[in-house]
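This document starts with one chain, in the form predicted alone, laid out as structure tokens.
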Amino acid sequence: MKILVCISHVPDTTTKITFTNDNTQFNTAGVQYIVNPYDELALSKAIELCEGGKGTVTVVNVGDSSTDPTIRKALAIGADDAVRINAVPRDAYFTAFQIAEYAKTTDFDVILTGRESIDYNGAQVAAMVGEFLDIPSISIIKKLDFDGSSAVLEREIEGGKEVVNVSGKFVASCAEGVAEPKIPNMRGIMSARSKPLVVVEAAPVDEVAKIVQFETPPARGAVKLIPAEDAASLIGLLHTEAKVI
């Protein structure tokens, strides 16, 4: 079997977020980047499925050359080879389109992603890739068994779980529990240096969305205590200050 795993290049979870150019660009100065943790779960599951010579794992990333160290980390974890689509990702639509265009040139049995990236938290790419390729897409899976031709996937739903059977090619986004994250050892780190990393140019696609401005959350304010009998004041604050209703 051949499995394609989509990985994102994201800021470390401890990064202090700031913006530049009148809050229109993320400030990358001093930022440490990592493989998106949910994508690491997808990669770990793919490696597990292919252990013992059962298949190969290719990782794909949409990004410029600054993402190469992150891709090498994925190779050190255990991927067999990697592809970087040479473009700065604009949005989920652009990223999914590029991955789908690359996937059309190959013969992958399964495409795995993380449930979402920890920077934008959009949870859109997997479904869009499935739509572009006209294959089933299963979101936020907790379990995956695959024999090379058919798969049984398990996902949580409100009040229980859902079991999905799929035959043929499919896309799935992975969540906690699908696999134990793998830690690269010294042998993996050394071998990652010589594993293939192919760079392909991005396919042209129309721009459908544009980021106008970023904002950081407001500073946490003091707690306001409202008497239990004064529900009207509480509702008013929820409308005018918290703006949650």
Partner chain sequence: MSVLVYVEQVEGKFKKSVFEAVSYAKAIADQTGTNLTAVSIGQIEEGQLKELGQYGASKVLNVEAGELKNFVNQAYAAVIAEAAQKESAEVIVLSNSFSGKGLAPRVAVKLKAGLVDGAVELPKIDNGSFQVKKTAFSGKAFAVTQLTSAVKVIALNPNAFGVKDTPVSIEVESFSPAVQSKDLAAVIKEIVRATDKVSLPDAEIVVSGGRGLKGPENWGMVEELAGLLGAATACSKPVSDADWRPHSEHVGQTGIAISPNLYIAIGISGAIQHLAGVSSSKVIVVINKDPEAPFFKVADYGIVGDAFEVVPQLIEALKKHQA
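We call the rigid core whatever largest set of C-alpha positions still superposes within 1.5 Å between the two forms. Numbering follows the first chain given and starts at 1. Since the model is a prediction, treat every value here as computed from it, not as a measurement.
Unshown form predicted together with the partner chain; subsequent notes refer to it.
query = If contact means any heavy atom within 4.5 Å, which of 34 to 42, 50 to 58, 65 to 73, 183 to 191 contacts the partner chain in the predicted bound form?
reply = Careful reading of the contacts points to 34 to 42.
message = Taking the partner chain as it sits in the predicted bound form, is I135 near enough to touch it, meaning that at least one heavy atom pair lies within 4.5 angstroms?
response = Yes, contact at 4.5 Å.
query = Contact between R115 and the partner chain in the predicted bound form at 4.5 Å, heavy atoms?
reply = Yes, R115 sits close enough to the partner chain in the predicted bound form that at least one of its heavy atoms falls within 4.5 Å.
query = Is there a heavy atom of E207 lying 4.5 Å or less from a heavy atom of the partner chain in the predicted bound form?
reply = Contact check for E207: yes, within 4.5 Å of the partner chain in the predicted bound form.
query = Is M1 one of the residues lying within 4.5 Å of the partner chain in the predicted bound form, judged by heavy atom distances?
reply = Although the partner chain is absent here, M1 would stay clear of it in the predicted bound form, with no heavy atoms inside 4.5 Å.
inquiry  = Core superposed first: is there a CA shift of 2 Å or greater at N23 between this form and the one not shown?
reply    = Stays below the 2 Å threshold, so no.
task = Tell me, please, whether between this form and the one not shown the C-alpha of D12 is shifted by 2 Å or more, with the rigid core used for superposition.
result = After core superposition, the displacement of the D12 C-alpha between this form and the one not shown stays below 2 Å, so no.
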